[in-house]
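Given next, in structure tokens, is a single chain: the form predicted on its own.
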């Protein structure tokens, strides 16, 4: 068993909870990292493999993400072991059981994440009474339906283009992970004149050098068909997508997709991190030395949690997009500007700012 104390530092984690119910096959982990700014917010993801290390790293990323987004919330994360494509009734039973076990953890507010959606959050809300990302029929702001994380990512890319002399119109985009974030990023960027030339998901990959019909592909996938079978392009092996020459490469799936074993295969100008912790620190250092602009995950993909915090505070859908644009745009301009002037990686600048904000919040909390 992993030693949870190996991850402890001045910031947290506040608590690590293991959930196990053998009668129904439930295995889960909850990490509440830091609650100095307020109750933690972080997604509940369902994936076939889970670990304390990954859950903690994701929770810590949420601590810094929420701090940089100016939210009165700390960071947390939860993971449920399972195939997200399992039958709906079985999935509901697992998620409801997990929600019951964390019902009394009042300083954690779950949200949709990889393998979960608004319907899943409705089940969690029914069991706990607290959640973000509810269906609109229950008074929520459906962040996955609106594509708010992808919208924020597009805002970040729009800022970053001016720091590497790139025009979005006619730019070539590759998206690894054509799920909720990936498909909406493709949609938003296409509307700005970009050409999405390759996408991938667990089933495979698709390439069209002239640009993929994104609306057609989204509909095709919603019909339950594999993206590699889409007639508007040619099939690739899933991992081949990293080799495609492009202007913007978007990882929008699991952590550590980009690492020292494959980072030198990337041929892009911007790595826009739609997923949380999609690249190792060593890989980011290599990309920086090669002149590739990396947009840190906890800055660029904060749109979802900003939307969730607005929902939790009783705000309206009308305020979501302007707030996301304002906060992500300012953060990205400040970080990239300081990165250029100081000759430091964007992540180093962002991490320094985030740590300062969390430490300042900690000074307002009782420490004894």
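The model shown is predicted, which means the values in this text are computed figures rather than measured ones. Residue numbers count along the first chain shown, from 1.
One more form of this protein, predicted together with nicotinamide-adenine-dinucleotide, exists but is not displayed; see below.
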> Any of the heavy atoms of residue 34 lying within 4.5 Å of nicotinamide-adenine-dinucleotide in the model of the complex?
Replying inline: no
> At the 4.5 Å heavy atom threshold, is residue 202 in contact with nicotinamide-adenine-dinucleotide in the model of the complex?
Replying inline: yes
> With a 4.5 Å heavy atom cut-off, would you call residue 296 a contact of nicotinamide-adenine-dinucleotide in the model of the complex?
Replying inline: no
> Contact between residue 143 and nicotinamide-adenine-dinucleotide in the model of the complex at 4.5 Å, heavy atoms?
Replying inline: yes
>> Quick check for you: of 285-293, 156-164, 174-182, 207-215, which stretch puts a non-hydrogen atom within 4.5 Å of nicotinamide-adenine-dinucleotide in the model of the complex?
In response: 174-182
>> Is it true that 45, 238 and 252, all three, sit within 4.5 Å of nicotinamide-adenine-dinucleotide in the model of the complex, judged by heavy atoms?
In response: yes
> Just one of 246, 271, 114, 242 has a heavy atom within 4.5 angstroms of nicotinamide-adenine-dinucleotide in the model of the complex, so which one?
Replying inline: 114
> Of 124, 79, 189, 275, which residue is found within 4.5 angstroms of nicotinamide-adenine-dinucleotide in the model of the complex when only non-hydrogen atoms are counted?
Replying inline: 275
